[in-house]
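A single chain comes next, written as structure tokens; it is the form predicted on its own.
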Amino acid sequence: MPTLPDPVRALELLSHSPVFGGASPADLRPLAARGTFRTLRRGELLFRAGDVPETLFMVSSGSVRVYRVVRGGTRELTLHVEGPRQLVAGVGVFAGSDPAPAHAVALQTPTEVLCLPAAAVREHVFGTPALAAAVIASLARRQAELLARLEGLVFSELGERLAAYLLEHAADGPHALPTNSDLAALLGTVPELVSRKLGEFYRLGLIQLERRQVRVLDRPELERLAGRGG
């Protein structure tokens, strides 16, 4: 099957994205015409903290982790993981020349992102009321999600965070766990504690774990641990 031209693929991706999905094709077509696609390997950086955002990135396939380095560079704190049709740290692009506050790295091989020139995006979005309204609403939702995540990291225990992660990803079937390092970054802890807590859940019969494939066995108990019990 022949590959579609970049502008056609870009228009399809933008049209189905949460941030631009409510906009008309006519409003999105000028943006799509400026888009190009870039393929990343796992561990490849998309940008670093401190970089001035010159490009707006949207995930087409795979996933991108946005994180900050804390404790003198010895620990990473994941702010969010963006999957298909999600913007990667889009706030910085719309804020103008403010430097990126975090790093972004590909989590899978391959991960493909749509690249749009930041200045052109700002000019077109700010000049198109329907697009501007959609972007404001989307960024407000993302801000609320980030605040909720940070609140969870500050006020919840590791067991609670891990139980919530397992319920979200493995309750309905087997789930391929990320490495302990990646999972620790997602949960705001260190790999050794993740390994210990997974082993504890396994010994208690809460999960089935084999070759990094995990399945939830005792959903009610995990819901209790995650603070969701009645």
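Quick note: we count residues from 1 along the sequence shown, nothing fancier. Small disclaimer: the values here were computed from a predicted structure and weren't measured.
Same protein, other form: the form predicted together with the DNA, not shown, and the subject of what follows.
- For the three marked residues, Arg161, Val190 and Arg211, a heavy atom of each sits within 4.5 Å of the DNA in the predicted complex.
- The contact residue chosen from Thr36, Thr179, Thr39, Ser61 relative to the DNA in the predicted complex is Thr179, the criterion being a non-hydrogen atom within 4.5 angstroms.
- Of the residues given (Arg48, Arg68, Arg196, His169), Arg196 alone sits with a heavy atom within 4.5 Å of the DNA in the predicted complex.
- Residue contact with the DNA in the predicted complex: Asp98 places no heavy atom within 4.5 Å of it.
- The closest heavy atom approach of Glu145 to the DNA in the predicted complex falls outside 4.5 Å.
- Using a 4.5 Å cutoff between non-hydrogen atoms, Arg141 does not count as a contact of the DNA in the predicted complex.
- The DNA in the predicted complex comes within 4.5 Å of no heavy atom belonging to Glu123.
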